[in-house]
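In the form predicted on its own, a lone chain appears below as C-alpha cells.
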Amino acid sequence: MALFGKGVRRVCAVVAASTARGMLRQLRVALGSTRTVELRLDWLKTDAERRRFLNGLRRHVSRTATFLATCRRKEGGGKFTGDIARQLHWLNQARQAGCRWCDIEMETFREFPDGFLRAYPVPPRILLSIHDFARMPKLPKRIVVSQHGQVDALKIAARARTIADSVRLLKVAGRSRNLVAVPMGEVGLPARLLALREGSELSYAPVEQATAPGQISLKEMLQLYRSHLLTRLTRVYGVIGDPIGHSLSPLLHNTGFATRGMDAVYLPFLVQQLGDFLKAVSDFGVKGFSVTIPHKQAILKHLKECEPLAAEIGAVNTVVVQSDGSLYGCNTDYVGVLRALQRKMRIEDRRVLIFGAGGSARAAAFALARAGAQVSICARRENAAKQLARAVGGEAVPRRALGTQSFDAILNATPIGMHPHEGISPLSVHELQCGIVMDLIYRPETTKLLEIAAQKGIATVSGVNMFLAQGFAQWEIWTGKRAPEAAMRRAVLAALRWRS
C-alpha cells in the first residue's frame, strides 16, 4: 500500500520561505496542485515566524492533505541553528497544528536511545532522512522499512556525480519498500523525474525556492514533465550535452507530446562522459535522444548505423534507439539551417561565412554547399577550418581577414554568447562585413552578436528559427507523426520572451 497515496499525491511540494507570510502563500499554491506538502520550518528566520506559520497552518488542515514537517538542523544540511531539544519542540508544535508526518535527519536520529523517538510527541509518522550532498554512498541491493520499527519510511537523498550513480539509487528504490529515493544535482535530474515510476514513495519539487541541488519547480514537474503520470509504458526521450541547463528542447518536445496526447517524456541529461550515458540507455528505457555540444561528433563511433548525409557531415544531432538496442544516427541541424536562412535570402551562388568548425558548423557548411552557396570557414582552430572547407569545396578564411572581406551572410556556429554568457559576441562590429548575420544560438533569442549587427543596419536571423525547424524534424523521426508545430513554437517563443 502506498504511504502517501497515488498519482499526484506522490509529488511532494516543498514550501520554504523566511517568513510565515511567504510560507502560507506558497502553501496555498502547493495545495492547488498536490495534497502532499513538506513544510520547511528550518527556513523560517525566527521562532516568532515559526509560531505565526503554525498558527496559520491550522486553517489548511484537512483529511485530504498530508503535511510533512521538517526542521532540519545545520548538521543535517538544513538551516535550523537550535539544538535537538528545540528541533523536537517545533516538530511537536507541528503535530499540534495538524502535521501527520515529520522528517528527521539521521544526524538527529543517532542521538536517541533505541525506541525513544517514538515516545516523544512528534508527528506520529516518521520519515528518516539520510543526506549526502557530496556523493552517492554505497547502497544495499534492497531496503525494507519495518511497519513496526522506529520509523515509517526512509529517504536517501544523495548527489549523483554520474548517471550510473542515479541508476544505482533507482534500482534500490525498485527493489525496496517504504523508500524515498532522491538523486540530487543536475546529473541526477532525469532520475529524479523518473523516481516515482521506479518505485520511490515520493518525489520533491519546490513551489518557489529550491532547497536541494538539482530540484525543478513544482510547476515544471507536474506540467512540463508530468512525472506523476509516467509508467513503464511511457516512451522516454532526451537531450544529451554539457552544458544542458539552458536547453529549451524539453519544453519543445514535451509540448508536442502533450498536444498530441502521447504517453512520452523528454528529459535533459547532463552528460560529461558519453559512455556513462550510453550504459544507462536501457535502464532508463530511452527510445531516442538529441545530441548537442560537445558530443555531436564523438557519438558517431557509438552508432551501428548512420544516415549517409550525417556520415558525410561527420556530426549527428539525432539518435534513434532501435528495438535491438543499437543506435541509428541522423542530422536535422542541416534542415534547420536551410529553413531559417532561406526565409531571408536566396542561397544559391551567395558567399556565406561560417564562424566555427564544430558539429553545428559542419551541418551548416554541408547544407549551404549543397544548396549552391560559396562557403567560407573561419575558426579558432585553423586546421579544423581548413579541413571543413576542403570537405565542402569551400575556402578557409583567417580571422585577421574578416575586416577586409565581404560576404552575403555570416553564421555564428560557436557557443560564444549563449546563456548564461549573453553579454559576449564572437565577432566585433568591424568583422561584420555582410548583408545578413545569423546566430545558431537560440537562447537568448537576440544575442549580443545580433544586437551589434542590427545596430550596424545588418539584417539578422535568430537561432530560434533553426532550433524549431531541427526540433520539429527530430520529433517526427521519433514518433512517425506530424509535429504540432504551432503549439511547439508558441511554447518556446513564450519561454524565450519571458526569460529575456
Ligand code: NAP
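This is a predicted model, so every value here is computed, not measured. Numbering starts at 1 and runs along the sequence shown.
Just so you know, the form predicted together with the named molecule exists too; it's not on screen, but the next bit is about it.
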property: Among 291-299, 67-75, 252-260, 179-187, the region lying within 4.5 Å of the named molecule in the predicted complex by heavy atom distance; result: 291-299
property: Exercise: Ser360 in contact with the named molecule in the predicted complex, heavy atom 4.5 Å; result: yes
property: The named molecule contact at Ser376 in the predicted complex, heavy atom, 4.5 Å; result: no
property: Phe53 within 4.5 Å of the named molecule in the predicted complex, heavy atoms; result: no
property: The named molecule contact at Ile244 in the predicted complex, heavy atom, 4.5 Å; result: no
property: Whether Pro268, Phe472 and Gln474 all lie within 4.5 angstroms of the named molecule in the predicted complex by heavy atom; result: no
property: Residue (of Val151, Leu222, Ile416, Ala210) lying close to the named molecule in the predicted complex, criterion heavy atoms within 4.5 Å; result: Ile416
property: The unique member of Arg381, Arg142, Arg343, Arg118 whose heavy atoms fall within 4.5 Å of the named molecule in the predicted complex; result: Arg381
property: Stretch 329-347: residues contacting the named molecule in the predicted complex, 4.5 Å heavy atom cut-off; result: Asp333
